[in-house]
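Next up is one chain by itself, shown in structure tokens, the form predicted on its own.
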């Protein structure tokens, strides 16, 4: 059994830590959205232990009566802890925090993470390549990988090339939004830090990924906008796969079976875009970055 004096000391330390976070919110040295994101990223953080009523009351200009009204609108219980909200609650609170004025009098950062996924052979890479060509100002997520760089590849541009030990550390310290082993050999993943820095700065960023990865990203960052690319028709998808000449007949058959399953995932996504014209699809993805 824990010594009562030790338990009391821990409780006092926790209260002081929470008070310090609330004071930082109150004096404007840290934005509420930043505190919330820390809580959602790490359930063991001090920020995660803040109850919703004390978190909102720390924001200048918001008193108990206003807190009650806000939480009623957001459908969140006042005693709910910030780091243990449901996915939908995180989405609604995140949107509310982004829309409110910050310490500088402007609104919170409105950067968006746009996740582009879809079935095999739908043309994700082609659409993203066209976005790069037409919109050089758009930022893209850079994946981390344990494989060795190929000739001409630049660290931090094409990939972040890391050792197995470094990759392990990124996963263990919750610095990966998603990751997977590819072809049973090397690991690939999406580092959280560059994306979070872009969003905090009010910049939107595009991530092209497979469907499984998109699900992981949504679980880790519910405010991400998931975009599912669709072919004009199933027959067109079959045509694209069988005419590109990069897979054997056996591999093509396997990919088509996979695509049938992947098609069902479209209902999990926030937006669907039909890739019947590359330029049109590219512009449709980019337009989502500016929609409030």
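Numbering follows the first chain given and starts at 1. Between two forms, the rigid core is defined as the largest C-alpha subset superposing within 1.5 Å. Only a predicted model underlies this, so the values are computations on that prediction, with no experimental measurement involved.
Unshown form predicted in complex with guanosine-5'-monophosphate (5GP); subsequent notes refer to it.
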Looking at heavy atoms inside 4.5 Å, which stretch does guanosine-5'-monophosphate (5GP) contact in the predicted complex, given the options 132 to 140, 218 to 226, 76 to 84, 189 to 197? 189 to 197
Test of understanding: in the predicted complex, would residue 213 fall inside 4.5 Å of guanosine-5'-monophosphate (5GP) by heavy atoms? yes
Answer for residue 71 alone: is it within 4.5 Å of guanosine-5'-monophosphate (5GP) in the predicted complex, judged on heavy atom distances? no
Contact flag, residue 159 vs guanosine-5'-monophosphate (5GP) in the predicted complex, heavy atom cut 4.5 Å: yes
Contact of residue 209 with guanosine-5'-monophosphate (5GP) in the predicted complex (heavy atom, 4.5 Å): yes
Sequence-ordered residues of 138 to 158 touching guanosine-5'-monophosphate (5GP) in the predicted complex, heavy atom within 4.5 Å: 143, 147, 150
C-alpha of residue 149: shift of 2 angstroms or more between this form and the one not shown, rigid core aligned? yes
Just checking, between this form and the one not shown and with the core aligned, does residue 140 shift 2 Å or more at the CA? no
